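What follows is one chain in structure tokens, specifically the form predicted alone.
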């Protein structure tokens, strides 16, 4: 059975404040979905509703077709979740913390031992015989993530999984998440690191003020938010009239004697032809991208752009 996450008209209100407003989405099968939005957008609320840490005001959160509120034990049996910033007990060693989690998940001693060693290597965990109180935030977080993975869940719900990690630690987490999504795991992860989402996720959900604004593949979002202007800078000053004859350019705006803004149809083929023509006019020192990246799309949506 393929892993399945589904929100049906999912809403959470706290008195007069609506934290999540009629969210609807359905994802089935292996892959990674990035959940993007500013602080207070409703990302953590959503993940808490999917893990029975909160109860919905209306609507349903379903995992593998099972309503989390109605039957949390069965719905969450194959789920690994990292919500906000949990830490292992400071009095425990890393090994003791992982053994406790493994026992809670019903693993045998052999499974706990073998998987602990495997994830210790893959996540580059610190000395597991040290008390966790003596570890850095990043080291503790990697131990928590190892504990989540011990039971080899098919669904992962991750709330800012690389928050507080240094760049090298982020690479370790990124690599393991990319591997996991290729092994029939379904990952829903919130993040503020848009480059990280681009590298890990296949699809993206944008949310703001509790409302889902857009959900689509990373590739399609790049196409939808294509711009139709190019900034071109030359090594020497030019007359703008020289550029009006370039095929595909519909308008020329002078930014400086060497820099010009060109309107075009947004097509990648047209962009390539404009670059080739500009290089024949004079040496080109810079040429902007034709399409917005994920961060640009995110900012346009959050700011109310279409």
Partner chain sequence: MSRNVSDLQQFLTTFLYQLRFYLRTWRFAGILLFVAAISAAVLSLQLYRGVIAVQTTNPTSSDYLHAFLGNIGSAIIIAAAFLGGDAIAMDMGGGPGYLMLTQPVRRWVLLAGRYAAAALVGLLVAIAYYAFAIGGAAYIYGVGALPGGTLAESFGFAFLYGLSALALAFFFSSFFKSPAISIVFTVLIMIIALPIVTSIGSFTGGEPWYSLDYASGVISNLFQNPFVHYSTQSISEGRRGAVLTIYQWSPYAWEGLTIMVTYLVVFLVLAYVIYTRKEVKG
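Residue numbers count along the first chain shown, from 1. Just so we're clear, the structure is a prediction, and the values are computed from it rather than from any experiment.
One more form of this protein, predicted in complex with the partner chain, exists but is not displayed; see below.
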Under a 4.5 angstroms heavy atom criterion, identify the one residue in 263, 67, 28, 52 near the partner chain in the model of the complex.
52
Counting non-hydrogen atoms within 4.5 angstroms of the partner chain in the model of the complex, say which of 151, 194, 128, 178 makes the cut.
151
For the interface check, one of 161-169, 203-211, 93-101, 229-237 should have non-hydrogen atoms within 4.5 Å of the partner chain in the model of the complex; which one?
93-101
Report whether the minimum heavy atom distance between residue 48 and the partner chain in the model of the complex is within 4.5 Å.
yes
Within a 4.5 Å heavy atom cut-off, is residue 111 in contact with the partner chain in the model of the complex?
yes
Does any part of residue 76 reach within 4.5 Å of the partner chain in the model of the complex? Heavy atoms only, please.
yes
Even though the partner isn't displayed, in the model of the complex is residue 199 close enough to the partner chain, meaning a heavy atom within 4.5 Å?
no
Within 255-279, which residues come within 4.5 Å of the partner chain in the model of the complex, counting heavy atoms only?
none
